[in-house]
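Shown here is one chain on its own, the form predicted on its own, set out as C-alpha cells.
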C-alpha cells in the first residue's frame, strides 16, 4: 500500500468523526493492550534479536511502561476529554467560558531504535487517546522489533486508523513530503532538525524528543555506595543507549577516588566484564560500536574498556582525569562509557555546563538543599532526579521532554494527551442581559467603568 494512499484514507476516516467518540477510543486502547499481551513472546524474541535484550529488561523498560500508559489513559480519558470551565470576569457577565480539547487530526509518529516499543508506542497511545489517526514509523535500526510492531498492528487495526510503515530514510523522506496535523519524533538532534524543517513547510506542529549530554553532580555529602549503585544501574541500562542516561559525572575532588572505586566495585558486582550476559545488551550496530570505541581514550580508562566487535559488546567503562575539552565531551555518548570530571568550584562548574547546549536530563546527588537549589535554578534542562537517575521518566504525572536542542514539547500521561490535542476556547453568552458600556456613544464615565472592570 502506498504512503499517499494511506494518508488520504486516514484523513477521510478522521473527517468521519469516528475517532472523536470516547467509547471508540477506549475500545481501541483496550484492543491494543490485549494484542500486545497476546504477542509478548513475539516482542521478546524480536528485541532479543536486535539487542540481545532479556525478557526482564524488555518488560521493565519497555512493556510495563506501555501498559501503564494505556491504563493511565483508560482511567482518565473521560476527564481529559471533558470541557473545562474557566472564569470570565465581570466585563463578560453573564457569559461563561470553557475550553474543549479536540484531536488535531492525522498524526505521524517516528520512533527511536534504543527503546523500540516504549518510545514508539507511548506517543501513539497519547495520539489515539486524544482521538487522532496514527501513522507509525518505527526505526529501521531495530529491524526485528519494527517487524513485530507492523505484524501486530497492521493485521489487527484498519489502515485508515492505525498503521505501521516500515523502512529507512527513503520511506521517512516520503512521509515528510506529505501534510500531517502533528508530527512526533524521537531521536537525535541532527535528525530532529531535518524533521523540524520539513514540518515547517506545512506549518505542522511538532514534538521533538531529542538527547544531549546529561550532567550528574556528585557531592561529598552523598552516600558513596548508594550513589554508585544508582548511577551504575542508570548509566549501563541498555548498554548506555538511553537518552536520559547520565552522560558524564562531575564529582567533588575530595571524594573522586573513593567514588571511582565504588563505581568499579558496583560494576564488577553486576556485570561480567568480558562477555555478554542477560544483564547487559549489545550495541545496536557496528557503526555505533566503532564510534564508541573511538571515544575511549586508553590512557584514561579507570575500569572497563574491553570491546568485542563480533559481539558488538563494550564492557561498562569509566574514564578518569577527563576535562571539558576532551573529545568525548563534545557530543552525546549514547553508550556504556562514563567520563568522570573532578571539580572544586561549583560556580565555575555550573558555568561550564551552561556553556553547552541544554541537556535532556540532569542529576544531583547531595543532601545539601542549597547546592541542589542552585543547580536547579541556574541550569536549564528537560527533567531530572535528585539522589537518583533516569527514574523521573517512570512517573506519568511528570511531563517528559527536552528544552532547546534537547527537544520541543513533552508527553507522558495528560501531557501526552494535551500534546496531541487542540484546546478550543469558547465564550458563551445568554440573550437576557447586555452591558451597554462597549456601545456608542462613548463617554468619560463609560471609560472609567471599563478601566475599573478590565484592569
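These numbers were taken from a predicted model, which means no experiment stands behind them. Positions refer to the first chain, counted from 1.
There is another form of the same protein, the form predicted in complex with nicotinamide-adenine-dinucleotide; it is not shown, and what comes next is about it.
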| item | value |
| --- | --- |
| Interface residue in the predicted bound form among 108, 239, 338, 210, criterion: non-hydrogen atom within 4.5 angstroms of nicotinamide-adenine-dinucleotide | 210 |
| In the predicted bound form, the residue from 113, 162, 365, 180 that sits within 4.5 Å of nicotinamide-adenine-dinucleotide by heavy atoms | 113 |
| Any non-hydrogen atom of residue 140 within 4.5 angstroms of nicotinamide-adenine-dinucleotide in the predicted bound form | yes |
| Contact flag, residue 144 vs nicotinamide-adenine-dinucleotide in the predicted bound form, heavy atom cut 4.5 Å | no |
| Touches nicotinamide-adenine-dinucleotide in the predicted bound form: residue 117 (any heavy atom, 4.5 Å) | no |
| Proximity of residue 385 to nicotinamide-adenine-dinucleotide in the predicted bound form, heavy atoms at 4.5 Å | no |
| Heavy atom contact within 4.5 Å of nicotinamide-adenine-dinucleotide in the predicted bound form, the stretch among 188-196, 146-154, 220-228, 91-99 | 188-196 |
| Residues of 374-409 having any heavy atom within 4.5 Å of nicotinamide-adenine-dinucleotide in the predicted bound form, listed in sequence order | 400 |
